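The data below hold one chain only, encoded as structure tokens and taken in the form predicted on its own.
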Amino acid sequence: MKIAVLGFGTVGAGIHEMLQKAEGLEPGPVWVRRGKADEAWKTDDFDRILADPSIDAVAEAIGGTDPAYGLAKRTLESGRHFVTANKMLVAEYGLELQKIADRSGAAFLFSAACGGGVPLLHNLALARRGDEIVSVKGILNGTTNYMLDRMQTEGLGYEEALKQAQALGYAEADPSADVSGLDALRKIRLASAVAFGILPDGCLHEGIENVSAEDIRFYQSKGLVLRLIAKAARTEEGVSAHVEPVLFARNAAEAAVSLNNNLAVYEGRFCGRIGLSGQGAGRYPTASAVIRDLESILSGARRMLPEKTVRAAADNGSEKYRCYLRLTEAFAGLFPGAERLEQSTADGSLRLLTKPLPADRMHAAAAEIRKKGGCISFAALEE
């Protein structure tokens, strides 16, 4: 099977390199931006790819939705298979692209879009055939895990940890999608779609931008380790889906995930709890997931999304948990019955341990406090 690659950045170059040795796969042309075709095997003319009958599939590693969406649509309409590592593309247009693939008979696979080299989506697609997936969660963003790990093992502050992550290439110059939790949220939405057949909208995400070195020291004094966790689970109303900082006991599996590694866990009704760990990003881990999808096509795989997958509003009112808070004291009344832990921190804030709260209420309270000019940092307690 001959493969054209879209993009020649970090991941695209890795895919092209791995295709040279992959059994049953043959490298084709690499599409690049206009003016970047500096080798005979590169082209900036996508029509050339579509006009070549020897090309069976296209692997996309451009990122974003423009021009990736248009190229994906044209690829599938031509009857060629399409494999992508682009979580933004699949989260926004995945259902539409799947319908096009169904009409043309082409494969549409995207396991590299969530977890990099960690085969979460691949395994969810296999597991759901004979089991009922109950929940999916994990550390799905290596940048934030690296930062939290350094803050907890080296005592770094947030800005110091971010600079170190950027210097090592783990964080982008604009790290907002990572540190806000948006990147992890996009991934858990895809995991929900593959596991449950529901692509949730209106999901919640709290990142790590408000976590201070003082917060970390306080959590450590309680024997707790902080991680940014993405969660999705079946509920009576559909599925919940959200991202937030979560506190674990020191002996928990999540607490042992160091540096920029990922840990993904799913639970099936019959199989129980299954954990997968490894590098969540990078040239070769992500490229290897793309190659895995291409090899799956050779074995007859055509889709990751269940038939009749739908969009639906996330139900984030079902799950309840206690939270540790640091907040402006004037807003303590929003959490009746909370236990007061420290009357005043270094910035004049108050620390509380709440009673069990629904996820949507906790996130809404944080948004209200910030809208009114107050400060808050919160972390859910895993119990």
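Position 1 is the first residue in the sequence shown; the rest follow in order. Nothing here was measured: the structure is a model prediction, and the numbers come from that model.
From this point on, the text means the form predicted in complex with L-homoserine, which you will not see here.
- Given L-homoserine in the predicted bound form, answer whether the residues G142, Y170 and K187 all have a heavy atom inside 4.5 Å of it. All of them do, each having a heavy atom within 4.5 Å of the partner.
- Although L-homoserine is absent from this view, report whether D293 comes within 4.5 Å of it in the predicted bound form, heavy atoms only. Result no; D293 lies far from L-homoserine in the predicted bound form.
- Touches L-homoserine in the predicted bound form: K87 (any heavy atom, 4.5 Å): Answer yes; at least one heavy atom of K87 falls within 4.5 Å of L-homoserine in the predicted bound form.
- Message: If we define contact as a non-hydrogen atom of the residue within 4.5 angstroms of the partner, is A281 a contact of L-homoserine in the predicted bound form?
- Response: The answer is yes: A281 has a heavy atom within 4.5 Å of L-homoserine.
- Query: Just one of 151-159, 179-187, 125-133, 69-77 has heavy atoms within 4.5 Å of L-homoserine in the predicted bound form; which?
  - Reply: Answer to the contact question: 179-187.
- Query: Along 233-264, which positions have a non-hydrogen atom within 4.5 Å of L-homoserine in the predicted bound form?
  - Reply: Contacting residues: none.
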